[in-house]
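The chain below stands alone and is given as structure tokens, in the form predicted on its own.
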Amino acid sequence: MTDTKPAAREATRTSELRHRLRKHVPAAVLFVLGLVAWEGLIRAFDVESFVLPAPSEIGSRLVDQWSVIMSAAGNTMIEVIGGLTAGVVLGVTVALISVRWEAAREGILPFAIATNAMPIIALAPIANNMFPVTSPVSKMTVVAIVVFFPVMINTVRGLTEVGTGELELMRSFAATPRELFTKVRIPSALPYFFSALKVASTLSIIAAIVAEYFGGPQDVLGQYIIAKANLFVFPDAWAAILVASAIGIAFYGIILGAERLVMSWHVSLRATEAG
């Protein structure tokens, strides 16, 4: 009797590959067409590089300055990862405290909103004066403050917006408060938490680079961009911006992968994969 399982598995893999191609190819084609249009308009209207460099010029400078830009990007990534981690841990901790004690929530929320309202350009100089000039901790502090609010407020929302039916069902089975928290509230909060992480991952890159403008080590992306812009070497500045964007996309992709791994049971992900 012929074993049909290998053929079925191969058909499933082929179907998944076709689904992924249908999903990602349009975005890739649009990206390429955008680059072609950009390059064509620059050449057609003879736009100077200090106004807007062509993609080919940016790519050429990225190759030439690769080691310098990547060294700066590595130092910026240390600031981003440190600040993002601190902000997420602090945000989740405060969210747990807020959910556990309602009085604490009422007291903490105004301070969290005030923290979120602080502009980065005001925080960065203050943080630079609080720590040694060469220390990355000042930039990590700025990143942590920027990341804190979206993580905290989304986690609180996810932990509190639980259906009464689910809670009553668990209580009918004599579930303990701990079981209610771990089996109902935390799974309910995960979609909100990962949504906050996606926002925080991009905000952390922006916060770190803006904070770098206000002093500190020179071998970072923010200082590299501002130094090249001051010298009107805009293709080099754009090359560093391209690397910063790539880091943001990579961070977003990592979080998206973690979400799919942790929340593979969630109906939203199953619907996406089925579509």
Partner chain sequence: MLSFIVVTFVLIAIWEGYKLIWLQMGWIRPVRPDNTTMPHVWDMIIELFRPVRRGGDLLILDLAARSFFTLREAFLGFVIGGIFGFALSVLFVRSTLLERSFMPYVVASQTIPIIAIAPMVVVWGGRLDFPQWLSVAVISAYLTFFPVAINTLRGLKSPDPTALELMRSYAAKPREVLWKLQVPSALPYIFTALKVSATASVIGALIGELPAGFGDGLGRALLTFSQQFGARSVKLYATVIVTALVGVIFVTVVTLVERKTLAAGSRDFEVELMTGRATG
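Under this definition, the rigid core comprises the largest set of C-alpha atoms superposing within 1.5 Å between the forms. Residue numbers count along the first chain shown, from 1. Model, not experiment: these values are computed from the prediction.
If you look for the form predicted in complex with the partner chain, you will not find it shown, but the lines that follow are about it.
Only one of Ala229, Leu35, Leu62, Val68 has a non-hydrogen atom within 4.5 angstroms of the partner chain in the model of the complex; which is it?
Filtering the options by heavy-atom distance leaves Ala229.
Contact with the partner chain in the model of the complex for Pro136, defined as at least one heavy atom pair within 4.5 Å: yes or no?
Flag for Pro136 set to no.
In the model of the complex, Pro55 touching the partner chain (heavy atom, 4.5 Å):
Taking the distances in the model of the complex, the answer for Pro55 is no, it never comes within 4.5 Å of the partner chain.
Should Gly82 be counted as a contact of the partner chain in the model of the complex, where contact means heavy atoms within 4.5 Å?
Looking in the model of the complex, residue contacts with the partner chain do not include Gly82, since no heavy atom lies within 4.5 Å.
Please run the contact check for Asn75 against the partner chain in the model of the complex: heavy atoms, 4.5 angstroms, yes or no?
Asn75: no, not in contact with the partner chain in the model of the complex.
Residues of 127-154 having any heavy atom within 4.5 Å of the partner chain in the model of the complex, listed in sequence order:
Asn129, Met130, Phe131, Pro150, Ile153, Asn154, in sequence order.
Rigid core fit then Ile254 CA moved by 2 Å or more between the shown form and the other one
No, Ile254 moves less than 2 Å.
Tell me, please, whether between the shown form and the other one the C-alpha of Val51 is shifted by 2 Å or more, with the rigid core used for superposition.
No; Val51 is a residue whose C-alpha shifts by less than 2 Å between the shown form and the other one when the cores are overlaid.
Rigid-core frame, C-alpha of Leu231, shift of 2 angstroms or more between the shown form and the other one
For Leu231, whose C-alpha is compared between the shown form and the other one after core superposition, the shift is less than 2 Å.
Sense of CA distance change between Ile121 and Thr155 in the model of the complex, threshold 3 Å
It is closer: the C-alpha separation of Ile121 and Thr155 falls by at least 3 Å in the model of the complex.
Are Val199 and Ile121 closer or farther apart at their Cα atoms in the model of the complex than shown, with the shift being 3 Å or more?
Residues converge in the model of the complex, at least 3 Å closer.
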